[in-house]
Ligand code: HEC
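One chain comes next, on its own, written out as structure tokens in the form predicted on its own.
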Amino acid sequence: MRITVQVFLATGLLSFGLIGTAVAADGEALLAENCASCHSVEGSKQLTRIDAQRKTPEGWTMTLFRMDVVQGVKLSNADRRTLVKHLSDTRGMAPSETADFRYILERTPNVVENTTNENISGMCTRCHSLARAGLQARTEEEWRLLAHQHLGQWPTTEYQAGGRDREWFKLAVELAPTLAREYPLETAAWTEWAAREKKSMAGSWRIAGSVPNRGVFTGHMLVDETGTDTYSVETMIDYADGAKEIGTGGAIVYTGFEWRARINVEGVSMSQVFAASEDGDAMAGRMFRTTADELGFHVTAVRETDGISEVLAVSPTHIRAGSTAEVTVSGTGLSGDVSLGEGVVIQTVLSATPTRIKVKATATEDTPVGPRAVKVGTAENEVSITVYEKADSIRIEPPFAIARVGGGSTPRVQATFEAVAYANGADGQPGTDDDIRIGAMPAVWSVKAFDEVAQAMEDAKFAGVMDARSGIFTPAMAGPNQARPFSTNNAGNLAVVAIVNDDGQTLTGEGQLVVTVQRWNDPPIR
């Protein structure tokens, strides 16, 4: 099943064949041709179920997949692409409606959701992420029908672990009014967004981000129109370590702001899931390996055009009080004096262009510790450089992670960690709320058994291997292992250990990694 899902994604959502300029018109015709026989309302153009809900491109992709597998609605790849585009544009989600759930679209690993409604979390998140519910908008009746659909399609639901401890169906139906209040079909946000004129994404973009255990990168992204909301893309990235990477590919924009791209970067297929700002002059999201979405990084992009001046990145991200360092500030439209905040003196400007300024800066001995905003003339953003005296502790990010064994058609799921240094706050104690985050530092990585049970099962020996330099853990292959006690699978409960040397002092941080079984069902929205 997983292979089928991946193939469908490749052809249905993230494939960039020329959709052409007639997508909108063809989309409504395709709905009538392929969907109206079951969903039409006699005597009107209204489509039952379909017109009572709104979804993201990934959500509509899942709907069409289900229609194919369960109902036998067979579509060509081209028609499927057209329908996903049309449904997303006409029955989509506004930017503000997806903002709290971008992590699931961007495939961000190891996110811990914070649910505020106990009824929704108790019902929906036993099987799905909260984002799965939050990235849909329905009428109350449509939410109620969804409960019926669950039980009709999966009749054993009430007898599974998530349902047999309560009156599952009764509670699911009664939840419809709550879901309709939280995620209603009709909203001012969608009405306003649907009517707004959308800006083309074509042009030159300045991009920046940070790759775990590699550091800050900056670069350009050149975008040219190839059709209605379709684009060719070329990326040129410079890393802080001096490496350069060039990528080429294509993109499509759904709903006026949902950017989806596939880029070949030095022979590696990378996917981009970005959200454009409402004015169309900025984008933010995540870029990750197409075949291993856990390996990726967040990206910020700003359009390079007259009148836009923003700071996007600074490298290094921290400087010790009493030291001098070369600091590079990157952005777009940069002009004017560089400011790194109180107590950080700019000694000299080493080089300057509208996209990158390198300075020699000194943080005085008595510089107050903590982050300070980075500015160039009038340009600024939420970019900061942290002054510190010494690192007092190391925290592993993420503090808890999951990796998955794999093999055959199901690839292994790796886990990536960073060692982040902190300075004690005013209370002088590590691990408290007033600690000052300094930033990621190079570390030597290893794993060990998390507890006595893991020690007895020799988890550190069998569950996988940690790369000592990159902080990337690769789990073992799946299947019973005759060499293990009780011939168990290569699962494990591990402590992740990072050792950092900061100016002669050695600091150690620990996190937790659970290595578990394969994810057999991996839909676009988990």
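One rule holds for the numbers: they count along the sequence shown, beginning at 1. Every value quoted in this text rests on a predicted model; they were computed, and no experiment measured them.
There is another form of the same protein, the form predicted together with heme C; it is not shown, and what comes next is about it.
Colleague: Please identify the residue among 444, 436, 75, 211 with any heavy atom within 4.5 Å of heme C in the predicted complex.
Modeller: Flagged contact: 75.
Colleague: Which residue among 348, 160, 378, 409 has a heavy atom within 4.5 angstroms of heme C in the predicted complex?
Modeller: Only one listed residue qualifies here, and that residue is 160.
Colleague: With the partner left out of view, is residue 127 within 4.5 angstroms of heme C in the predicted complex by any non-hydrogen atom?
Modeller: The answer is yes: residue 127 has a heavy atom within 4.5 Å of heme C.
Colleague: Is there a heavy atom of residue 132 no more than 4.5 Å from a heavy atom of heme C in the predicted complex?
Modeller: Looking in the predicted complex, residue contacts with heme C include residue 132, since a heavy atom lies within 4.5 Å.
Colleague: Please check if residue 37 has a heavy atom lying within 4.5 Å of any heavy atom of heme C in the predicted complex.
Modeller: The answer is yes: residue 37 has a heavy atom within 4.5 Å of heme C.
Colleague: Answer with yes or no whether residue 469 is in contact with heme C in the predicted complex, where contact means some heavy atom within 4.5 Å.
Modeller: Result no; residue 469 lies far from heme C in the predicted complex.
Colleague: Choose one stretch from 148-156, 245-253, 225-233, 196-204: the one whose residues place a heavy atom within 4.5 angstroms of heme C in the predicted complex.
Modeller: In short, 148-156.
Colleague: Would heme C be touched by all three of 103, 105 and 187 in the predicted complex, meaning a heavy atom each within 4.5 Å?
Modeller: Answer is no for this spot.
Colleague: Could you list the residues in 41-57 that come within 4.5 Å of heme C in the predicted complex, counting only heavy atoms and keeping sequence order?
Modeller: Residues within 4.5 Å: 49, 50, 53, 55.
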